[in-house]
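Quick heads-up: it's one chain on its own, the form predicted on its own, in structure tokens.
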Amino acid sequence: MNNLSIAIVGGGASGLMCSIMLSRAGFKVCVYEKNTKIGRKILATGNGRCNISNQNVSLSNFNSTDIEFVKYPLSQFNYQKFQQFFEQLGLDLVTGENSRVYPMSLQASSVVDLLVYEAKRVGVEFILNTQIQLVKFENDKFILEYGKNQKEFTKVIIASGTNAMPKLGSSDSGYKFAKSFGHNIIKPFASLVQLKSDCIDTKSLSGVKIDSKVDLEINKEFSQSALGDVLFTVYGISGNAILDISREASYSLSIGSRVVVNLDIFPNISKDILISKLTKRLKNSNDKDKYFWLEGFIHKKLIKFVIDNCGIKKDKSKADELNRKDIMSLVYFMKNMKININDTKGFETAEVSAGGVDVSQVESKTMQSKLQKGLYFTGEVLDVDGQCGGYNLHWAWASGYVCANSIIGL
């Protein structure tokens, strides 16, 4: 048994990775988790199926104030290393849309159960339902205080996550610990988050889900695009395509920019073909009501919304009364549906938090603090966040892997 005693604050993805590797190497490892269960956030990923990684992990899938920081961990723990690690645990993998990787069981609980089993098998001690209140360094030892207790350790790994999804027990305690050792915190903001709209009309579309091309407009300039499903809700819009552009939308809102989402609800049909299709439908309208005319062509809830908002005169009640100009207006609206965004759903529902511990003060090859020897940071607490698609969990595995290897190699 190695003489080093290591405390890991947080029993999430990166904390579990660290604990298993360090315990296998003979270190005494104690994981402190504020929740009553390990890996609660893992259990919620991929709608409970656990989008555990992605076959096409690259630097372009991540964001940070210093993106070079991410390069080394990704090179050390690429997809092949990930696959090898989890298959050795007994987890078979399947690949879904956009190279997203899931457990073959399609159950997030399989991932957590196998990780916890392995951690306990190799001797990791879990102390659950325990909130660490203070981390300090005195007389060449780290002291962790919780309740009326305190315990000494040789090294401490902060793997406590962020304040995204507090209902799962997450918090910003990691930022507080980092600050106590002099670390700068890049102001966090919600990412992979649903967007709110003050367009009252969109509330009538709640529940409508469509495939759409999404263009993000910041201060009247196009900024980012995505393609995928969009879900209308009582508060605004959600869906994979919205999550893909939400980071930039969230940041822009935080600095007071005007944010608009433009939807093309027929991304696979050109404007000219759409005009041709609608003109043909008009010829066969057979005295139909102007709303019923589009029945079977687009979602029922969308019909009234697009017709009432595209510029067609209100006094036209029959499809037969529509002319080519009306068709052009309708097509333009369906290919350029503008939704003003006034807020996000915030950390309450955000899958991840952007920002975090300033990576310029952390060694990328070890995850060790440059300000305090023996103090490490892994996972989401750092100023690194990934796109939607398994990248954030892969960062957790990769940063935990690099951290543990650096300690093992001492």
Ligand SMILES: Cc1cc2nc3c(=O)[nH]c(=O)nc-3n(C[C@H](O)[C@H](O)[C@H](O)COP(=O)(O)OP(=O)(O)OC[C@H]3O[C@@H](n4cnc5c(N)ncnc54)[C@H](O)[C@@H]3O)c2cc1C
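These numbers were taken from a predicted model, which means no experiment stands behind them. Each residue number is its position in the shown sequence, starting from 1.
Below, we refer to the form predicted together with this ligand, which is not included among the displayed structures.
Put simply, V259 is far from this ligand in the predicted complex: not one heavy atom of it is within 4.5 Å. Contact annotation: T130 falls within 4.5 Å of this ligand in the predicted complex, judged by heavy atom distances. Taking the partner from the other structure, this ligand in the predicted complex has no heavy atom within 4.5 Å of any heavy atom of G356. This ligand in the predicted complex is approached by A350, whose closest heavy atom lies within 4.5 angstroms of it. The candidate stretches are 337-345, 366-374, 40-48, 66-74, and the one lying within 4.5 Å of this ligand in the predicted complex by heavy atoms is 40-48.
For the candidate set S254, S329, S171, S204, a heavy atom within 4.5 Å of this ligand in the predicted complex is found for exactly one residue, namely S171. Taking this ligand as positioned in the predicted complex, none of the residues of 89-110 brings a heavy atom within 4.5 Å of it.
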